[in-house]
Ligand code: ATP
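One chain is shown next in structure tokens, namely the form predicted alone.
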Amino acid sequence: MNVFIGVDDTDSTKGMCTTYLLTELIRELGYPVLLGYPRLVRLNPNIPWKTRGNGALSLSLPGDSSTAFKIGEVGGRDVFASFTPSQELPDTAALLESASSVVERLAVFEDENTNPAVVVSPSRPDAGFYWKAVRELVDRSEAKAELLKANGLYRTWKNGRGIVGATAAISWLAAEKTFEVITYRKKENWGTSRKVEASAVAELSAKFPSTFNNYDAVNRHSCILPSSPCPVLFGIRGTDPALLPEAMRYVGGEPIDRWLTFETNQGTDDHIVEPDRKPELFHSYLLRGTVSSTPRTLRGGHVFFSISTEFGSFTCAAFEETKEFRNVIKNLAPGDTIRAWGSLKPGPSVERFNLEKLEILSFGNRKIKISNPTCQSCGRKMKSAGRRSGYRCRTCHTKTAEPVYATAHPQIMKGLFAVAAGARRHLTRPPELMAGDNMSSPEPPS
């Protein structure tokens, strides 16, 4: 018999990391072998009250030591996992007490947005709960109802909102997955500048092709480094967990305190749905439609345009932090047909569809003004009659609406484009992982 443990909402924008807390939980529980990899499960990235990356953690135990393999080092000891369960029967109540003590010692309770929860369950809640948590807004009562059906135990602190993530983390079936090896700093270095060679990070993708989102060469940004003062030194994501420890050693950098390999839903696009009804705020979608306005750049470098879909018109946004992705957006034109991945968020005046990726399917008829029209009566060039008033011949007083146009060629190519690597969401499937797939959202297993 195995037991699932889930934990969420223990970190803060000012420090701590729930993945680090999980390493402490592994150390304190003392089980020699986990059942499978520990899991880092990202949930709906549009939740207004999230702390940082909206990631929940889970693990299962015990595993069979006869088939164990190394997945990390914590507290000076190797951490092992096995895909074969042990015959040992864990005490769920005792596990809840141990996990609770770790949360009470490490969670950032002083942050108003930190509302921890721990879940211990002898069975996995229905996988549908994960799919709802990664795509929608879920109430705490729904999580409690799922745990009741699974005979799970839980403990919450403050408003207990973390029970949603903790329950979702253990209900994820990992039908589609990637991996991440995370290294942690020595405590005396927390909050100081991270010492990692950018040149080594820049070489990761070439040295280890199964890794992704490592380095943004255009903007010279090391994407594996967190931006917060948390205990993490760096995290390398990839599709082959066996190669991640080698990639970790290749990067090197300052001495590490511990490391652990996680199974994750990062890079899966699990948050994206193709809508069958009018899209809702705080949800992520794949929209298909036609560009209906010329892109415009506003103060700050943010670029906006409109797209017409079967569900109505939407204002699409590519913000400054998406970097060179905006150059693609600026070259779109009315009539272009596209597929757009992103999230519907409230804006100052209208709802905005914040872009993550965009695929150009076809181009509309582009045209460029080459001259004012010629008067058909006298052959003179006509003059503008004023804004949106067409053209007028000053001699004959004849009028026409349009100038002389010529066909213009697109300055961009058809294909898939994504925001700069440093601006990508954890869940967003990067282009290098989309080669060969149908670029649609994976569906929940039946």
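Since this is a predicted model, take the numbers as computed values, not measurements. Numbers follow the displayed sequence, beginning with 1.
Omitted here: the form predicted together with adenosine-5'-triphosphate. The next part is about that form.
Taking a 4.5 Å heavy atom cutoff to adenosine-5'-triphosphate in the predicted bound form, the contact residue among 218, 89, 298, 137 is 137. Of the residues 133, 307, 287, 107, just one reaches adenosine-5'-triphosphate in the predicted bound form with a heavy atom at 4.5 Å or closer; this is 133. For the candidate spot formed by 8, 11 and 43, every residue has a non-hydrogen atom within 4.5 angstroms of adenosine-5'-triphosphate in the predicted bound form. Only one of 233-241, 176-184, 197-205, 154-162 lies within 4.5 Å of adenosine-5'-triphosphate in the predicted bound form by heavy atoms, and it is 154-162. Residue contact check for residue 53: one or more of its heavy atoms lie within 4.5 Å of adenosine-5'-triphosphate in the predicted bound form. Interface residue remark: residue 405 is not counted as part of the site for adenosine-5'-triphosphate in the predicted bound form, having no heavy atom within 4.5 Å. The closest non-hydrogen atom of residue 47 lies within 4.5 Å of adenosine-5'-triphosphate in the predicted bound form.
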